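To begin, one chain is listed below as structure tokens, in the form predicted on its own.
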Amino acid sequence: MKIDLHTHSNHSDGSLTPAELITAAAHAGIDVLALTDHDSVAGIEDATHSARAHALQAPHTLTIVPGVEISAAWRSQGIHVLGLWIDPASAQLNAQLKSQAQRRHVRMRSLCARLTEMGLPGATLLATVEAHPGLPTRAHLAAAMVAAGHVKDNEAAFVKYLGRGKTAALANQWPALAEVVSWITGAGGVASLAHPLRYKLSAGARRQLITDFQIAGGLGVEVVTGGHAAAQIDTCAQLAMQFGLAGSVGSDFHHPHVSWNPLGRLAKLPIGVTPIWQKFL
């Protein structure tokens, strides 16, 4: 069974609509797909309907896992938590995600104001970002800076301006990790720590992060994700087994033109790691 539990649509910083994402996933032979947009469940209904429509036209069945990727804070570090098998109609969750959306809009306006102070056309960049249909992210701002010729590529935008500790970066104002985990569990979902090796933490701090995450009610960790080498997968597998957490697999897919990170092309979950989907599929 081909499983991908971490993908994005244009409701956050992906480039495909939910329907286009479902078509691409079906062509890739994916059996189970989670749509996990940043701080948004707006695309789940369209994704579910598209999967049902596809099933009527083709023998291949694509199961949609309703999900979300929520930004949280731990020791001033930004952390991403995947909520899988959530109830996207949860009133409490939607109220909290509305607050997250407001934080994102305020943050984007502040980022662009800082860029204005640095001599860049912040107001124009803000207008470009806000013209996007999804929630504003730094990735949108980086793309706007590239399109306007201020930097050569998205990576340069983060290295020079937007990355942590850089000239236009802002202090983390996301809700606490434990609070975010409670939103997910309150919506009937399973909380999984996204891409644990991507955070700039020492090995000891990473273990403390996972400890705190588990105490808060987190049940899983993303063991296999897009771009992971075999050694990184092994490290994440060891963390999952050490803490008794289930393991997840997800491409963190955003764009079809990123050849090194296609939908569903993932290594298998290492032996000894309990699949996070075991009780659901």
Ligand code: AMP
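Numbering starts at 1 and follows the sequence shown. It should be emphasised that the depicted structure is a prediction, and the values quoted were computed from it without experimental measurement.
Keep in mind the form predicted together with the named molecule is missing from the figure; the text below concerns it.
Looking at A101, A73, A139, V146, which has any heavy atom no more than 4.5 Å from the named molecule in the model of the complex? Spelling it out, the residue with a heavy atom inside the cut-off is A139.
Looking in the model of the complex, is the named molecule within 4.5 Å of a heavy atom from each of K2, H49 and D87? Not a single residue of the candidate spot has a heavy atom within 4.5 Å of the named molecule in the model of the complex.
Just checking whether E117 would be counted as a contact of the named molecule in the model of the complex - the rule being heavy atoms within 4.5 angstroms. E117: no contact with the named molecule in the model of the complex.
Although the named molecule is absent from this view, report whether F158 comes within 4.5 Å of it in the model of the complex, heavy atoms only. Although the named molecule is absent here, F158 would touch it in the model of the complex, with heavy atoms inside 4.5 Å.
I'd like to know whether R107 contacts the named molecule in the model of the complex, with contact meaning heavy atoms within 4.5 angstroms. R107: yes, in contact with the named molecule in the model of the complex.
Can you tell me whether H254 touches the named molecule? I mean in the model of the complex, with a 4.5 angstroms heavy atom cut-off. Output for H254 is yes: heavy atoms within 4.5 Å of the named molecule.
Stretch in contact, per heavy atom within 4.5 angstroms of the named molecule in the model of the complex, of 131-139, 182-190, 207-215, 91-99: Stretch 131-139 is the one.
Need the contact residues for 1-27: heavy atom within 4.5 Å of the named molecule in the model of the complex, sequence order, or none if there are none. Going through 1-27 in order - heavy atoms within 4.5 Å of the named molecule in the model of the complex - there is one hit, D13.
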